[in-house]
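In the form predicted alone, a lone chain appears below as structure tokens.
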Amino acid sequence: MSSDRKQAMKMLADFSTIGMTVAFSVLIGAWFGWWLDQKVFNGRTEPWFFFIFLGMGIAAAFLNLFRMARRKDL
């Protein structure tokens, strides 16, 4: 495999990892908040835990982006 092709594949892998990390962080936070609202508290706290954990998921996504950018020098 040529050097340019290897570099392109490496960049593709890095960017797909970034995308999946952001998406999974947000989705897991939102799902956990929804689960707490619906299953643990039977909808009495709806939508508070959803929004709290959605915000935490977004914060985790940005933290992961920051760490990857520092490590990879993107």
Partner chain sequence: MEHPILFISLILEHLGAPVPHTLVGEGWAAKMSSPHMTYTWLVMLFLILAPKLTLGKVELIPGKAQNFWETLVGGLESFMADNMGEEGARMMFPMLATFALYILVANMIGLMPGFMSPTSNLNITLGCTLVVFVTTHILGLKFHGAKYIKHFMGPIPWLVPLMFPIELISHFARILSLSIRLFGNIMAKETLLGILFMLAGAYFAPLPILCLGVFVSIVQALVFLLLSILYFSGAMEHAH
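Numbering follows the first chain given and starts at 1. Small disclaimer: the values here were computed from a predicted structure and weren't measured.
There is also a form predicted together with the partner chain; it is not shown, and the following applies to it.
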Notebook entry, point to check: Can residue 9 be called a contact residue for the partner chain in the predicted complex at 4.5 Å between heavy atoms?
Noted result: yes
Margin query: Residue-level contact is defined here as any heavy atom of the residue lying within 4.5 Å of the partner chain in the predicted complex; does residue 51 satisfy this criterion?
Written below: no
Margin query: Is residue 65 part of the interface with the partner chain in the predicted complex - any heavy atom within 4.5 Å?
Written below: no
Notebook entry, point to check: Though the partner is not shown here, which residues of 9-30 have a heavy atom within 4.5 Å of the partner chain in the predicted complex?
Noted result: 9, 10, 12, 13, 14, 16, 17, 20, 21, 24, 25, 28, 29
